[in-house]
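The chain below stands alone and is given in structure tokens; this is the form predicted alone.
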């Protein structure tokens, strides 16, 4: 090839590289007006058009000038990068993807569940991979299960990394495969969120199943976050160690979504760029922020403006960090680990070499796995602690702790030691009595037959039905029921089903008094305040609240949120959106948690998560059933960022441990129940019910419309459809709530409950 042709090819390649760098800056700033990037692009285009007309020296001089201008802009941007810029870095088409990781971090891999568009869900990839590392002259080879989101390069079938419910189900299937084979799992999170549809198995339900399984999955798990969007990230995010790219983001919601909510932007209207940038900063979604908040464990450094698909030095670094993280998780659970742990901590390898300071075998025995699960539980119990004010201090806090310890000791002695022996003694007596009665029956049967032949048996009327005698239901109480203040309005109201069902106009005092807010014609349930349930559902004078000293706060210093909290506290007289309490239902003691609408629309933050976890612990210690009644929940509180998001795995961990201890966990939904809580610690219950006319789902109609571009039917989130999809196990009438709950307490649950 002539020298001139070769030079032209090199200059053409250089122009392409400069174009990529310039468009990358535009991707980050979302504008050609920033700096002089628009002029640079025009000049590049002119050079490309005249490359064969200009002298080679002139071409290279112009390209060198443009290279210097782009480098100057890159340096300027790297010194002043904002949270909004970080979001745009992650979304750039030049960003590395999971397939880049598989090809450059691991020695080899085999994709499972199909590949490309011939896949169960192309947005979720599972692969059996091999990775090796050198320790002096010895080579260690490890088998790993890799599971993660694949955004692709604009392919429509990848759905931008938004996994559908069956994609998360595929992830769960291969988690169990890794558990069976005893190999670690590496999760890679590249998603703005899950695809919000309720088609079976349902977005919320499947995320909840994943979290429930991961809480006690018997194998080490490491997660790496590049783009972590709320529940979609948590579907594969509950790991023993959580790493994050230095230019990644992990958030409760996208900055655009937060801006639309905070600015009360109507659907179809454009969200101001300044408001988006403001919310991106307020949400504290960057790697540095999440490290300070304790929601991740370590940051993996990228190049100054983020890693692209050809940044091979970054892939070497990532390979080193993933292996090292797996080593640390395994060593924490091993008995003989001191020197190797010390060597890992002292290692200052930047990932540029292949050699490691120590060799660690990733196989684990039963005792090590048990320790692994204990450490995982402790890790998630600590997350988000300290961000809700606890008003008990000093001596009062000490007395409260002493009371908790004494209570735990008492119930362990009574139900953990004495009760099993008592049951065994009763069982032996019962077995002996049964054998004895059988033996006596054989001896006395001939005598009884002769006696009955001589003196025939007459019917005792006392054993027959008591005709004419009123049977008093055990559900009729001795006190006057609570009546809603809504019953004081002297007016009529029209049932929304009047046209279809022929319902008559309802007089408000009757509707909210005698009818309990239920239309007597069609059964439509009008909303009632949460106090109605507290007063009518439980035995009189048995309801006692606890953990009222844990108060919702503004841990991110979200602008304007303190005033909103104060307003809700003043309006409701309560200091969080959850009420935790002890109560009784026809003599059966239970522990309850209620999310209610009056305080921040029943959203969950750090304080609510901590109160829920402590309620789980109390139910487990006292061997009582645990009821979660959801008057309303609007999801995770966006003003608490990832401190709210981590309540999903944290509370699910507590629920899993309660259920594993033999507890009975019942969830009842009412009104509107959406998003994170439904996709985690509520949705993982084996017994979920809904009050008629309630709405349940992962995302509301507006979010679904904005995400998918499709409208959903008006009854898409109805309790009836939730029952058809298998989300819930039954629909309850409000007027029979107490009766249904009592039946569930008596007939469901195992023998570890105190009354069984």
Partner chain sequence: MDIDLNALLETYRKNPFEDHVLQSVHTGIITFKVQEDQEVHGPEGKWHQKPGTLLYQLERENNIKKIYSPCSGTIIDLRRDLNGSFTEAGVDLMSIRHRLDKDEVIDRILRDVLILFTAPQRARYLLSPEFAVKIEKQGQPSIQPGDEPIIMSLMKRDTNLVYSSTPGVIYKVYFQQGALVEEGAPLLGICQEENLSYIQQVVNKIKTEWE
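Residue numbers count along the first chain shown, from 1. Keep in mind it's a predicted model, so treat the numbers as computed, not measured.
Here the subject shifts to the form predicted in complex with the partner chain, a form of this protein not shown in this document.
Novice: Would you point out which of 306-314, 668-676, 486-494, 598-606 contains residues with a non-hydrogen atom within 4.5 Å of the partner chain in the model of the complex?
Specialist: In short, 486-494.
Novice: Check each of 505, 292, 107, 117 and return the one that places a heavy atom within 4.5 angstroms of the partner chain in the model of the complex.
Specialist: Selected option: 505.
Novice: Just give me the single entry in 33, 711, 64, 53 that has a non-hydrogen atom within 4.5 angstroms of the partner chain in the model of the complex.
Specialist: Of the candidates 33, 711, 64, 53, 711 is the one lying within 4.5 Å of the partner chain in the model of the complex.
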